[in-house]
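Shown next as C-alpha cells: one chain only, the form predicted on its own.
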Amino acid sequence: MPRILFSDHDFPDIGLELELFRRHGIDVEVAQCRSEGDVIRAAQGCCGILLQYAPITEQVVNALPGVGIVSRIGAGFDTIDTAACQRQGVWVANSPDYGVGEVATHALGLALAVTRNIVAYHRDITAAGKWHYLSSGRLRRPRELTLGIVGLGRIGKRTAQVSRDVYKRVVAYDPYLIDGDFPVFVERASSLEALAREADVVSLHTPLTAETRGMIGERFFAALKPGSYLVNTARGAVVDVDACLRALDAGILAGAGLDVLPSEPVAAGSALASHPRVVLTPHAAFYSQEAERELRQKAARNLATWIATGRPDYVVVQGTRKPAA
C-alpha cells in the first residue's frame, strides 16, 4: 500500500483528506512538521508529501529519494524549493484555482473598507463614542478613483471584473501577459512605477518570487500620489512593511488593507496592528466553506492521481520520479 506524509495543517479536522486517501488505498502518516528535520524524519518510507506550510528545501529533497511528489494546499508554493525539486525529478503540484472569487471579493472589500473608512467609523463609535460622518476624515467618491492591479492572473482578472463598476478606471501591470490577454476594460500600465502614478487604489495579486519579494517598497511608494491606498491579498513578503509604515506616516498612503504579512500571525505590539489607518484580516481572503473544501480536495487528489497515473492533476514542476509499480 502506498504511503504518504500529511506534513502539517491548521484545520480543525482532516477527515476530508483521510477519507479521500482511504478510498484510493493510500496509507497516511500525519504530522505537524515545522522544520526540515521534522519533514525528513516523518517522511521516511513515504512516496509523497501533502503540505500546507512545511519547508520542502533542497536538503529535504536530497534526503528523501523515495518521495516523488509534493503537493501544496494552496496556490502559492514559496515554501517549496522548486528548482531543487526539478533537479531531482520531484513533481510539484498545488491547488491553483480554488478561491478566485473569494480572494477577488475580499480584495474589493478591503479596498472599500479603507477608502470608505468603515472600520474607522466602527472604532469611533464603539471606542470613542463619536457619531458623525466626518469623525474619521473626508472621503472621496470611489467612482472618481482609479484601481491599479499588480498581477493580472486568475485572481487579478476577477478583481478587475468585480471592481469595474465601482471605480472610474481599472489599470493593471503584468509584464508576463500579452496585450491580447488583458480584458478590454483594463488599461495596461507600462511599468510598476507608471501604475503607481496612475492608481488611487492599488491591489496586489502577484506570486512571491525572487523578483516580487519586497517590490512594493520605497521606490514604489515614492511614485504614488499622496493619499493613495494599498490592498494586499497576495503574499505578505511582496510588501516592504517598514516602507509601507513610513508611507502611511508620511501621508503617501491614506490607508492599507492587508490580509497577508511577511510573518504571520501579526506580532504582539506590531505597529501595523495599532495603526489607525491599517485594516488587517488573518490570511482569510481565500476562505469560504466551499473554497476550503475545493482547496483541500484538489491538493490531496494530486497525490492520488500521481500514484494512479504518474502525473498529478495540477502541475507546477514536471518531475521524472514515478510511483512504485
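Bear in mind the structure is a predicted one, so any value in this text is a computation, not a measurement. A residue's number is simply how far along the shown sequence it sits, counting from 1.
There is also a form predicted in complex with ligand NAD; it is not shown, and the following applies to it.
Per the 4.5 Å heavy atom criterion, ligand NAD in the predicted complex is contacted by stretch 98 to 106, the sole one of 243 to 251, 98 to 106, 122 to 130, 162 to 170.
Residue contact check for I155: one or more of its heavy atoms lie within 4.5 Å of ligand NAD in the predicted complex.
Interface residue remark: A194 is not counted as part of the site for ligand NAD in the predicted complex, having no heavy atom within 4.5 Å. Using a 4.5 angstroms limit between non-hydrogen atoms, P226 is distant from ligand NAD in the predicted complex. Within 4.5 Å of any heavy atom of ligand NAD in the predicted complex lies no heavy atom of C85. A single residue from the set V92, A199, V150, A111 has any heavy atom within 4.5 angstroms of ligand NAD in the predicted complex; that residue is V150. In summary, among the residues R34, H275, H283, R41, the only one with a non-hydrogen atom within 4.5 Å of ligand NAD in the predicted complex is H283. Taking ligand NAD as it sits in the predicted complex, the stretch 66 to 96 comes within 4.5 angstroms of it through a non-hydrogen atom at A75, G76, P96.
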